[in-house]
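In the form predicted on its own, a lone chain appears below as structure tokens.
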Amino acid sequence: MYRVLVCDPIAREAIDLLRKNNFKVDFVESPAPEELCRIIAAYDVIIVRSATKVTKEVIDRGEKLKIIARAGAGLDNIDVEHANKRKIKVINAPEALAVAVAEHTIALMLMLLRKEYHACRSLKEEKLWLKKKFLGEEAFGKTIGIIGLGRIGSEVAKRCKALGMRVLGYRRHKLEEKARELGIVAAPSLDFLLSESDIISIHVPLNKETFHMIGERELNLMRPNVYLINTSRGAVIDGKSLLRALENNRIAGVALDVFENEPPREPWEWKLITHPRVIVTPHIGAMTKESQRKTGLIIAQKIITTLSTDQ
């Protein structure tokens, strides 16, 4: 019987599926690194989401560890390179989240364009009828630049096309092929996308190449009336440079679902979050009932399939 340690909440149906397939499942919510190092030796599989970090030390203590399963998409909280050296399989379920994150991205975009957050707050909290103050903009006819055309970026592109937007896309590999598939314009370079877009939405994983890929230089290439949306990972944008750009009126508005520290803890982060032209959500892009159910079931089935294949 394989033993599975679940460190972050997943759908009950996923737990039931594992148990029906003769897995012994234990749950320890968001264990501290030292606690995880202490208990991991007993387990064949660990399941995490974004809260729990699977570090080199944890991996080295996992004497029986065969699978590190990320119930989600991003792998930046897992030392994948070290897991590969130890021949431990790392699996995730990005296919389960694409629709949820894409829909959240569109929601954030429309909130920015129509000033809906500020309009709602002024009426509910301040009881002010400021109809003339909240003159918004339409998505129709605008150019959106999508950085990253994986599952989520592709779903965002489809929805933006349906809104009548001109869609520019950029990725490092097989760009032309993907752009043709989606019926969008392939941006010849990232700089071109940054300078040509009215709205920019980021959908890339966090790694050595994408860390702070949007910094002061890139922000200065953008149009002064640009709207910037990030639902990928906080650290793909240099947050301090973004704050300076906002303070210097270089950006019309920003929507962030992700942050360099989660939860935020630095003074500059809170200054960014509370800036009047920034709207924020606490990393809820994938938080729908449907995506959470799909994520759990997909990752459970991948664990079952992987271990049955290895036998």
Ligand code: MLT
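All values reported here derive from a predicted model rather than from experimental measurement. Numbering starts at 1 and follows the sequence shown.
The same protein has a further form, the form predicted in complex with the ligand, not shown here; the description that follows concerns it.
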query	finding
In the predicted complex, the residue from 53, 283, 66, 277 that sits within 4.5 Å of the ligand by heavy atoms	283
In the predicted complex, the residue from 72, 145, 153, 239 that sits within 4.5 Å of the ligand by heavy atoms	72
Proximity to the ligand in the predicted complex (heavy atom, within 4.5 Å), stretch among 126 to 134, 72 to 80, 102 to 110, 175 to 183	72 to 80
In the predicted complex, residues of 231 to 257 near the ligand [heavy atom within 4.5 Å]	233
